[in-house]
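This document opens with one chain alone, in C-alpha cells, the form predicted on its own.
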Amino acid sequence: MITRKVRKWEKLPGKNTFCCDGRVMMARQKGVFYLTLFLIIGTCSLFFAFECPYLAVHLSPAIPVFAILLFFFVMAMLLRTSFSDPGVLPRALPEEATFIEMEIEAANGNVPAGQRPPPRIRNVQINNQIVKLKYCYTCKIFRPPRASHCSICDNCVDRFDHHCPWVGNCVGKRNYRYFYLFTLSLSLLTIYIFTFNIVHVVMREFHCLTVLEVLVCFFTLWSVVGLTGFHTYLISLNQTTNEDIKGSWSGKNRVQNPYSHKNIIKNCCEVLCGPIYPSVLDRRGLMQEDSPVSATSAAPSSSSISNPVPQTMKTTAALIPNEHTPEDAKPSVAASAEKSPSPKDGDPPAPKVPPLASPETDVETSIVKDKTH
C-alpha cells in the first residue's frame, strides 16, 4: 500500500463545485450566473462602443473613464461573491456524530414506541436572549446561531442569508458584504448607463442599439435598485433575508433581535466593516489516501521481513572461533565432550561434526574412534 496525497476539497461532501485546485468554490447550478455575466458585459460593451465616443467628445472624457472604473468594480465584487466560500460549516466526523447521538439519547431517555421523540434543540443565551440551536440531520451537528442548511448546495452555511442564483453561490457570513457592494455598485452602474443613454438619444438621432440599452437598463433598474434597498434595510437592522422571511425577530412573543445594537450606524459598521473570518473548510489542505500496489514492487522491501534470519543462526554464528566473542561465551572442550555421547560397539559411526564445531572437538572425535577400533 502506498499513500497518494490529495486535496481535501476533492473529498468534501455537498453539491458544490471547485476549480483552480480548490481556490474557487461555487454551486453546481451556474446557468443564471453566466446570464448575469452576459447581461453586464454585453450592456457595458454596447455603451462603450456606441455612446462613450460621442459623449467623450461632446460632453466630457471623464464619462467613459468613470464608467470603466465602475464596471471593473462591479465585476470584482461579483467574482468575489461567486468564487468564495460563503461560510460552509464542516460536517461532523463519524466519531463526533456517534458521540452527539449518545448525548441526545441520554438527555431524552427512552422514548416509548409509537411516540414522537422530542425535537433536537439546544438553548444558548446571547445578549440576555434565549436562542435555539437546531440539529442538522444531514451534517450531524447543532448549527451555530443564524446558520441554516442550504438545500441547493446541501451544506450548512454560517449566518445564512439566502442562495442567490444570479451569483451562482450562497450568500453567507464570509461574502455578504461583497454581495451588498455588488448590488450597490451595479445599481449605480445601471443608473449611470441609463442616464447617459437618454442624454445620447436627446443629443443625437434615433439609434436602435441605444434604445435596446435603454430598455435593458430600465427593467434591470427596478430589480437591482429594489434589491439594494431591501438589503440596506436589513443591514440597518442587522438581520438576514432568512430571518426576515421566517419572522424570527418580528417581535412576536416578546422575541427581539439579540444581534441588533439598536443603532443603524453600529449595525452597518458591524456588517460591512467587521472582521473577515477565515474559512473553516481548509479546502486546499492535504490528506493521505491509501492505494494498492503490485506485489513485485513491494517484494524488495518485504523480503527481509517475510524471510528473517532464524534465531538459531544468529546464536551459532557468534560461537565461531574467528568471531570476537567474550571468553565466557565460548564453549569449552570438556563441555562439548560431555554433551556428545560416546559411541558403543555395534552402533553406526557417528555423523560428521557440523562445520560450526571447534577444532578441539575434531581432535577428540578422532581419538575416540581409534580406541573403539
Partner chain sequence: MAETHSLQDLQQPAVSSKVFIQRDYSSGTICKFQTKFPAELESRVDKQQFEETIQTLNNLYAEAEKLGGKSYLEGCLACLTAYTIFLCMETHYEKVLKKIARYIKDQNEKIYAPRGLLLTDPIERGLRVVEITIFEDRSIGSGR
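Computed from a predicted structure; not experimentally measured. Residue numbers count along the first chain shown, from 1.
Only in words, not in the display: the form predicted together with the partner chain, which the text now covers.
For residue 132, is any heavy atom within 4.5 Å of the partner chain in the predicted complex, or not?
No, residue 132 is distant from the partner.
May I ask you to check whether residue 152 falls inside a 4.5 Å heavy atom distance of the partner chain in the predicted complex?
Looking in the predicted complex, residue contacts with the partner chain do not include residue 152, since no heavy atom lies within 4.5 Å.
Whether residue 230 contacts the partner chain in the predicted complex should be assessed with a 4.5 Å heavy atom distance threshold; does it?
Contact with the partner chain, no.
Since only the chain is shown here, I'm wondering whether residue 247 would be in contact with the partner chain in the predicted complex (any heavy atom pair within 4.5 Å).
Residue 247 lies outside the contact set for the partner chain.
Tell me, which of 76, 136, 216, 237 has a heavy atom within 4.5 angstroms of the partner chain in the predicted complex?
Contact residue from the list: 76.
Answer option from 93, 209, 106, 198, heavy atom within 4.5 Å of the partner chain in the predicted complex
Selected option: 93.
Contact stretch among 218-226, 188-196, 265-273, 161-169 - heavy atom within 4.5 Å of the partner chain in the predicted complex:
Comparing against the partner chain in the predicted complex, the contact stretch is 265-273.
So which bits of 230-248 sit within 4.5 Å of the partner chain in the predicted complex, heavy atoms only?
Nothing in the stretch sits within 4.5 Å of the partner.
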